[in-house]
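A single chain comes next, written as C-alpha cells; it is the form predicted on its own.
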C-alpha cells in the first residue's frame, strides 16, 4: 500500500519548521521515520504535511555532563549506543538500546523520536520514565520541558501539542550507590518485546534502600513501580517474588497473537526477579570499584 498524498517541507532552520507545523494542524514531524513511515505506508497515519527536520542544525548532538545525558532530536540510536560517555554516565540507556530493533533501524531511527512516538512496547519511553527524565520541546510560542511522568498520555499518544517539536531528551545520570539492570523477552532478538523490564536499585552497604522497576509491553503506557517496601532491604527469591506481585497490581498485560495475558503476567514475575538481581549486583560491584 502507498501513503496517502501529503505536502512535504524540509526546513533549513528551526523557526521555519515551527512555523510550518503551526500553519497546518494536520502536519507531522519526520526525523528518523522508522515509526512514522510504516504507519504512512499502511495508511494508519495520513498527515496533510510532513515537516522533515533532518536538515536542522545542532539537533544531532549527544552531550554528557555531571547531571546526565542530553540526547538531541536527530541523534541516531546507533550513535547513542556507541557512546562511551553515555555508557559511563547512565548505563541503563546503553543496556536498553542494545535491544532496540536491528542495526539497520538503529542506524536511522532516533532515540527522541522513539520516545515521543510513545509506544509502550518500545524500550526508550520506559527508560526515560524509570530514570525520571524529561523532553524539551519548542513551538512558535516558546519552549517547555515535559517530565516523563507527564509525557505519556495513552497508547501511541504523548502530551506534545501538534505544533511542537521535541528538541532533546534528558536522562539523569547514575546516582551514588545505584546499579541498573535490563532484560526483555522477544520472539526474536530485535522484535518488539513480549515483556521487558528495567530496574534501578540503590544500596547503602549491602542493604537496598531504594528500588524501582519499569515495564514495557505490559500496559498501555510505560509503567514504573516502586518496589522498595516488598524487598525489605534485601534481594532474595521471596522478596523479588513479592516485588513482582506488587508490580502486577499496577500493570495490565494484554493477550494478542504473540502471547496470552497469563504468559505476560508470568514474564513480569520472572523479569522483575532478574532485573532486580542484576541491578543489585551492579550496585554492589560499583561500590567495590568493579564497574
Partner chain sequence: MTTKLFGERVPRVEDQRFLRGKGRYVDDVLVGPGAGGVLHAAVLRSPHAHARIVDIDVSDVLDIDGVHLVWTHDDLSGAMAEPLPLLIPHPQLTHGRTQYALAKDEVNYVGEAIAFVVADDRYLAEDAVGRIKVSYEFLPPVVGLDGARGAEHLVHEDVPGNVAARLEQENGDARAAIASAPHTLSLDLTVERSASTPLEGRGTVARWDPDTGRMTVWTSTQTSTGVRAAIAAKLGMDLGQVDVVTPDVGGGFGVKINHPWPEELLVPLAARTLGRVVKFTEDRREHFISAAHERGQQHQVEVGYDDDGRILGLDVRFWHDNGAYTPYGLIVPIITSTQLLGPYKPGAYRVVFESLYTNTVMVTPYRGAGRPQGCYVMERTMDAIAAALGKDRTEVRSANFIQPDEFPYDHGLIFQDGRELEYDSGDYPASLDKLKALVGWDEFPAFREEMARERRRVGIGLACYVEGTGVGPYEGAHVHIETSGKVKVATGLTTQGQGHATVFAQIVADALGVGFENVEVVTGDTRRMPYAVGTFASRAAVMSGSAIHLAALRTREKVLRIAADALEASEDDLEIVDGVVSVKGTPDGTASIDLGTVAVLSNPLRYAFDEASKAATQFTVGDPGKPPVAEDDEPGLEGRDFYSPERSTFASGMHAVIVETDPDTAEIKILKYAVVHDCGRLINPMIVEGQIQGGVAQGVGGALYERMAYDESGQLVNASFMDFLMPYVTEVPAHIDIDHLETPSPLNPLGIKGAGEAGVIPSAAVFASAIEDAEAPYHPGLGITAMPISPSELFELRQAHPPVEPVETKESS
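Positions refer to the first chain, counted from 1. Just so you know, these numbers come straight off a predicted model, no measurement behind them.
Separately, the form predicted together with its partner chain exists; it is not shown, and the next lines address it.
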**OP:** Decide if the three candidate residues 5, 185 and 274 all line its partner chain in the predicted complex, where lining means a heavy atom within 4.5 Å.
**Re:** yes
**OP:** Using the partner position in the predicted complex, report whether residue 49 sits within 4.5 Å of its partner chain, counting heavy atoms only.
**Re:** no
**OP:** Mark residue 85 yes when one of its heavy atoms lies within 4.5 Å of a heavy atom of its partner chain in the predicted complex, and no otherwise.
**Re:** no
Subject >> residue 220, heavy atom within 4.5 angstroms of its partner chain in the predicted complex >> reply: no
**OP:** Find out whether any non-hydrogen atom of residue 102 is located within 4.5 angstroms of its partner chain in the predicted complex, and reply yes or no.
**Re:** yes
Original post:
Which single stretch, out of 161-169, 143-151, 189-197, 126-134, brings residue heavy atoms within 4.5 Å of its partner chain in the predicted complex?
Top reply: 189-197
**OP:** Scan 9, 22, 270, 278 and let me know which has any heavy atom within 4.5 Å of its partner chain in the predicted complex.
**Re:** 270
Subject >> Heavy atom within 4.5 Å of its partner chain in the predicted complex - residue from 224, 64, 259, 251 >> reply: 259
Original post:
Does any residue in 35-49 get within 4.5 Å of its partner chain in the predicted complex, counting heavy atoms only, and if so which ones?
Top reply: 43
